[in-house]
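Just one chain follows, in the form predicted on its own, and it is written as structure tokens.
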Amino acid sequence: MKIEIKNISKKFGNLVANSEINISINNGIHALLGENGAGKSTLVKIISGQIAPDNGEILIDREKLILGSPIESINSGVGLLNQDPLDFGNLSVLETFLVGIKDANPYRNLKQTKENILRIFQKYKINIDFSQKTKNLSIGERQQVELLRLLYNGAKLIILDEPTSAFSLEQKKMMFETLRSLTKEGIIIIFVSHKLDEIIELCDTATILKSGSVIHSISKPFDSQDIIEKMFENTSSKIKRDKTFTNENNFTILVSGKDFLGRNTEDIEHRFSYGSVIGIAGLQGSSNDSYIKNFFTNEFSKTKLVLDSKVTIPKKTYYYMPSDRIEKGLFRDLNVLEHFGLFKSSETRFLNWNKIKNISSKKIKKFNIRANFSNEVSELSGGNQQRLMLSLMPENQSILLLEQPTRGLDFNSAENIWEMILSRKSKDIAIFFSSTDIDEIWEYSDIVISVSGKSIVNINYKKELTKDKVINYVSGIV
């Protein structure tokens, strides 16, 4: 199979997303590289038929692809695995798998269809209960189900958009083995990732995009430093970190005995100073994200945060940012300006749109959001959606509850985001964040809460831990 992308261009208003892109892929696994906003997501959407380009054409095995039609792309053998799962959370795994498969009237012989689906799960060693609700799966598991559905539908060109950002180490290992085996079957993989170690390990060729244009095409062996220099103009931090700030005020994390080590013990109190950064570490599929949310909702546990003053913390003091950008964090059909309008609506009954435009301009510049006021969230790349959510953090003293704050961001963008978050230490009561990346936990936390499965295993200052201890805790080795 061969794919030829010729002179593809796309603009959203005055924003140039793609400009005269030319790429040819004959076989193997091809990496699509570039910092957030480089044009990768737009190109992926064009290939998969979600949007039509302004100019250009795509040929698959010398046949022109009808652009702007997901059905035509699917019928031509194109399959897309999104960064955010495109499934039905309230349906069972089997039901959500059945939605959209190519079988003519699959309900005519549901038993046979189920057996066919089971065989493909067994072939790729993915063990998931068909009867459970899709929403109960981790994002990594949901992506595994979607990949198998693409294969079931006969995809010959599979695009993976940041596929491993929500995978456990075991899931990622399994995914890589699957991808390698697929290329031996003649399937072409387009692999979009910010993780250079994955690119170097997995991919055969790569294209680097910058500001919507192709700037370089390379083949393995890859030079990681050369790639970094071509992707980024500046990899140094622009904002000075303040990791040593201390505050006389304190807060207490009151941990329910039912949560700690999975045993029903006495509640445990841990007292920390204002401005502390608390990283909640856990492997993919653990409850570290759930604990972030629970500090805001108290929906499943009595584990909570208490101020020394004993004053009840009003809900508006919390800023909760979910890891699922599209389903829970943003409104895909609202534009960027409307999101800032919602942000200000919590402060006043009447909106001054001129003032909101002024605020929006400053936020867009500060957080380097590659978008215009009129761009709908669905038009933004995953990284720009993440920046938009972070830009909605309140200006006043808050308790930040951030699930996977840098998911989908390239390392340069992630570093800049962390500089902005850490610059709030002298103002905020506390900054909580969850991550499955132990290096990120170790780099930015003052205090580490280690979660294994549904239980909190350990809470301690980072200075009294080692990275190996945290890895053991989240792995269940106490």
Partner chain sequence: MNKNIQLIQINFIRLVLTLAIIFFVLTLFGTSPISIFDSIIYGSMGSYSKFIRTLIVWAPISLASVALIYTFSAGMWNIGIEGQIIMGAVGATFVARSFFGDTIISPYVQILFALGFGGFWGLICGVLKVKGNVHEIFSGLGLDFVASGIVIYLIIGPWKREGIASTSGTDVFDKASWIPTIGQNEFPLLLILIIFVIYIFSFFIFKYTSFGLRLKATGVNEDAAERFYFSSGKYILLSFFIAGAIAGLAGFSQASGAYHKLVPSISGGFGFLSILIVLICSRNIFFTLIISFLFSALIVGGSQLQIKLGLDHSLIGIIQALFVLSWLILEKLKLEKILLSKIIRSNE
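Since this is a predicted model, take the numbers as computed values, not measurements. Positions refer to the first chain, counted from 1.
Here the subject shifts to the form predicted together with the partner chain, a form of this protein not shown in this document.
In summary, the region of this chain contacting the partner chain in the predicted bound form, judged by heavy atoms within 4.5 Å and restricted to 153-161, 318-326, 87-95, 121-129, corresponds to 318-326.
Taken together, the three residues I200, F222 and D226 all stay farther than 4.5 Å from the partner chain in the predicted bound form, as judged by their closest heavy atom. Contact annotation: S290 falls outside 4.5 Å of the partner chain in the predicted bound form, judged by heavy atom distances. Though the partner is left out of this view, D204 does not reach within 4.5 Å of the partner chain in the predicted bound form, counting heavy atoms only. Among heavy atoms of L392, some come within 4.5 Å of the partner chain in the predicted bound form. Contact check for E266: no non-hydrogen atom falls within 4.5 Å of the partner chain in the predicted bound form. Of the candidates S309, Q112, S346, N249, S346 is the one whose heavy atoms come within 4.5 Å of the partner chain in the predicted bound form; the others do not. Of the candidates R142, H339, R407, R370, H339 is the one whose heavy atoms come within 4.5 Å of the partner chain in the predicted bound form; the others do not.
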